[in-house]
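So this first bit is one chain, no partners, the form predicted on its own, shown in structure tokens.
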């Protein structure tokens, strides 16, 4: 073990480059094997603990008393960020604020959305060129999720690319050579239009009868109406990113996954009832949100290591979803994987992704509509990925529909 400690040096898996290069797998495999609870003393965001095994991730994620999500302790990203959405709060405030917005993805709301999502998926697929190269990310993933974002916000659908732009600004890595912004001040300036636009819609919705879009539900909730301007804006940002990245990236990741494992596509074609399970497996395989951070509130023993109060603790969901002790043949996409829904991609504790069912529904419907059309999709090469350690985001995936 001492030799292993010397050999590993400083293994900083928070470097965005390893996700853009798609070279992260062996690094996490080594952490899971040799140092599942590993203290990284140096990174661009300071020291932090890497939690790479499934069981340890579940332990941290389900113990909010020992591991805080609060913005008062730095929030949920490796970089300390002050935001006041319920995602960056602890109980009891988190519990109360989360209840205020659950109606957005309640079964009634999802049922109202399903037929619309199916119609849109069909139109997008029917409009794709045949026997010509196109970008699956732009023509399918972004097109579908931007329309869903516009619906969630009741925002003019013809202006939906603004929502995509604002989401990209919100998640941009400042060290990315292709980043649309260079400083945090530019980020806030770029988001000002988004916040002011949403606040204007929010004020309008207060005067109208309640509908199931996010802005209307928030506008008619007394708990939200009494919140500060900053807190309401943080909620808008949370739903913007949550409604965009998880689904968009998994739509692209699924297309690439079926290309890597064509036998799984044939299995799904033979049994379309597997589409729901396949959606969960695609999310596990893609892991669109790479990590979440917590801060230790007290001294904690984990994996024979002592984590001190105040230490940053990073749960690498992308590694938990590759843990062979939980997911057999974890680097393989398997549409009939019996425990696909046990993945860590949505989180495992009180902060589990609020939009999990909506994301799965959109993915399921997309592949059901592809099957219904018997589309012969050829992926022409591996995807390119964003320079980000937070979202595993394919930026381009060249494809062709034959026939």
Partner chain sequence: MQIIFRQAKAGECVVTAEAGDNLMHVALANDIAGIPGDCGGQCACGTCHVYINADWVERIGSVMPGSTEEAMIFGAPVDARPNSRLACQISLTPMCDGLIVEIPEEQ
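What you see is a predicted model, and the numbers here were worked out from it, not measured in a lab. Positions refer to the first chain, counted from 1.
This protein has a second form, the form predicted in complex with the partner chain, left out of what is shown; the following refers to that one.
Counting non-hydrogen atoms within 4.5 angstroms of the partner chain in the predicted bound form, say which of 354, 27, 365, 37 makes the cut.
Going through each option in turn, the one that passes is 354.
Partner-contacting position among 89, 117, 275, 105 - heavy atom within 4.5 Å of the partner chain in the predicted bound form:
By the 4.5 Å heavy-atom cutoff, the listed residue in contact is 105.
Joint contact, 168, 190 and 391 to the partner chain in the predicted bound form, by non-hydrogen atom at 4.5 Å
No, none of 168, 190 and 391 comes within 4.5 Å of the partner chain in the predicted bound form.
When the partner chain is placed as it is in the predicted bound form, which of 27-35, 55-63, 40-48, 368-376 ends up with heavy atoms within 4.5 Å of it?
Contact-bearing stretch, as computed: 55-63.
May I ask you to check whether residue 99 falls inside a 4.5 Å heavy atom distance of the partner chain in the predicted bound form?
It does: once the partner chain is placed as it appears in the predicted bound form, residue 99 has a heavy atom within 4.5 Å of it.
Does the partner chain come within 4.5 Å of any heavy atom of residue 348 in the predicted bound form?
So residue 348 counts as contacting the partner chain.
Could you confirm whether residue 95 comes within 4.5 Å of the partner chain in the predicted bound form, counting heavy atoms only?
Residue 95: yes, in contact with the partner chain in the predicted bound form.
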